[in-house]
Every structure is written in C-alpha cells, then in structure tokens.
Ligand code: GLA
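Encoded as structure tokens, the following chain is the form predicted on its own, with no partner shown.
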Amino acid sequence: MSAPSENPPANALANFAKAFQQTPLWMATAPGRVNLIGEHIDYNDGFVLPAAINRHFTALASTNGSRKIRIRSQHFAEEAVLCLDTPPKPDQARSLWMRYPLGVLAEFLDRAADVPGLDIWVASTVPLGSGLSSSAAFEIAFASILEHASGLSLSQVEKALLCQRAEHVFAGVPCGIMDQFASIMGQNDHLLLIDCQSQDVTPVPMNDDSVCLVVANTNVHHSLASSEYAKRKADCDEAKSQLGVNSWRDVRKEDLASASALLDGHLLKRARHVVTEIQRTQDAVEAIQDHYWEKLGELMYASHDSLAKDYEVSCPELDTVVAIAQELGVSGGVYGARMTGGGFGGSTISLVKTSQAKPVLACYEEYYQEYTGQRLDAFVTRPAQGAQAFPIASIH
C-alpha cells in the first residue's frame, strides 16, 4: 500500500472512539470520481476519461473480537451489522447503502479470506447521490480495510472487479468498470483513459495550471435513475444484437446511416450516442495533449447534447447548468461543460480557466438558484490520487 497523503480527520477519530470506545487500527480512503467525457460507454466496450477528485470516502476500523462487522456513520441513521458466519445475501440488507459493504464482504468470503470481527466508522466528503460515485468509493474503502484486516492482498484490477461484482449482485446496478478503476488508479494531475474492452488504463497528463475542473452538484436525484440506467444498457445490447456485431468498437460513425434501416427509432438514437461518444473521447485525449482547450470544450458540449437528445438521460437541472456555462462562454472563463455520471440529476463537469474559477463558481450558484429555485453546490478539483490504506500508527 502507498504511504498516506493525509491524516485522518480529527472528527472521524473522535467519532470512532465515541461509537466503539476504542482506537482504530487502520484507515482507508477512496476518492469519488468525475468523468470528463465518455458517458455510458464503460459498459459498451468504449473509452472513458475519468479522474479521481478531491472528495473521499474514509473508513476507520479496529478488530472487536466477535464474529460480526459493525459499521456506523453520521450519514446513515442505522448501524449495519454483517455476520461472518452466514453467507451474505442481498435481501439481508435493511437499506440500499448496506448492500455495498455486504456485497464486498461476500466477495472476500468467497475467496476464503480470514476476515475478523470489525468495528468500522465511515465518513464521506463525496456528496451522496451526486453522480460522483460515492458508492464505488464506499466499496473500495471498505475492501481496502478488509484487505488489511484479513491479510488478503489484491491487485488494483482484482479489487476494482471485485467491487464491480458486488455492485452488480448486491445493489442490482449493472455498472461498467469506470467508477472503481478511477477511484483506485487515480493519479494526481492525470486523467485516466480506460479502454473498457481490454481494461487497459493509460494516464493522460493534465498538468496545465491554467485550467481546472469545476464540479457542480445539482442536489437533485430523480427516481428514474436506477431503472433507466438498466434500460439504457438493455437498449444498447439489443441494438448491438440487431446490428449483428460483437462490440460497438466494430461500428463506425459512417455505419449509422445504414443502421437506420435495422434499428427502431430509440435504438438508433442509443447507437448514435455510443458510437459518437467513443470517437469524442479519443478526440478529447488529442485535444488535452495539444492543450487545445477550446476544442475540448466543444467536445464536452457535444457530449452533453448527445446524452440529452440521443441517450435521454439528462434532466432540466443538468441542462440549466450547461446552459449557464454556455452563456458565460470562454470569455467568462468556461471552455465547456456537460453532465457527468448516470444522469437524471447528479452533477456536471466544466473545464474552466483557473484564473476565473472563483467568479464562475459564484455565477453558477447564483444563476442556478435564480432559474430553478434549487441550491447548487460547486467546487474546484484537479485530478487527484486514488485509494490508499494504511495502519493508523504509520501516520503518527
């Protein structure tokens, strides 16, 4: 494990001691992620371009001498109790959030890991339900604690895929690999180009201090999100089957004209988004390498337009933030913006001039409040370091 980059928050240590009347032995942190471009492509064999952000899930843990894992947090009203002597099942979870650690525990026990009884306190600065992958950060922080406590060592890829399976089986979300890969493998000042077909990860430097990323949480999360996510994946699988191809990488933009004779209207729109978004992501990497920020901004706006019209996963609140970005324009400090994450609420990502980031944040929050009556929470981030875990004693 890498060396710690930050001390545990003082209130987390105090909360752990108050909850469990002992001192923690281990700490794990896992960041949320933002995806610059390549949305809804990780489960479609394409390319995605995420980065870890400067918001984290933190877990503190100690052994408790029992055959149970107790998880407490100020974010959740109830305590989760996971029994180590019975095989975990999804229906054991009394609430959705408990399914994430339960699924991760099931994966460890399937590997015959010697997991001891644990007391765990979790805290998050990743806004929950914001489209910034708090669930993956939770899974990875919890898995990192189980690694230390059980002595089972996993590679980065193994841990990412373990957490992905936990989300599939226990949370019922057919997510791709992006969220877990980004949270584990994130690097300071680097985006990650992830080939979701080969699972190859290529760091893409983004160390130009003249630009930064602004994440804007709309504070809305429409109930359609979970069910529609699964429907979009099913649409893409059906469209691919009707086209008779094994991978979307086999479909070129020029092929979409002939595809219109084979696909129903909504399936054609889904196919058009996937094929064009794969190309936009590759073009975005070239723009970043050339420091061609205006071109990158154009690609981000095109991505949002495709997500709104062809993939139909945006919502008025997300569209409002993107419209504000377009109103400000390059002269107002914004190169481009788009929704990020699953959609139907959550957050947007903007590429912003660092020198104008503060007024951009103020404009976003003021105009969003004026247009929607809702509160917008926006913050600046640069690509950040991925997950870490270590003994508490090593940081004193």
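Being a predicted model, the structure only gives us computed values, none of them experimental. Residues carry their position along the shown sequence, with the first being 1.
FYI, the form predicted in complex with this ligand isn't displayed, but the following is about it.
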item	value
Y229, Y301, W97, W293 - the one with a heavy atom within 4.5 Å of this ligand in the predicted bound form	Y229
Heavy atom within 4.5 Å of this ligand in the predicted bound form - residue from G336, G342, G333, G46	G342
Options 37 to 45, 63 to 71, 361 to 369, 22 to 30; stretch whose heavy atom lies within 4.5 Å of this ligand in the predicted bound form	37 to 45
This ligand contact in the predicted bound form: M178, any heavy atom under 4.5 Å	yes
Within 4.5 Å of this ligand in the predicted bound form: residues from 258 to 279 (heavy atom criterion)	none
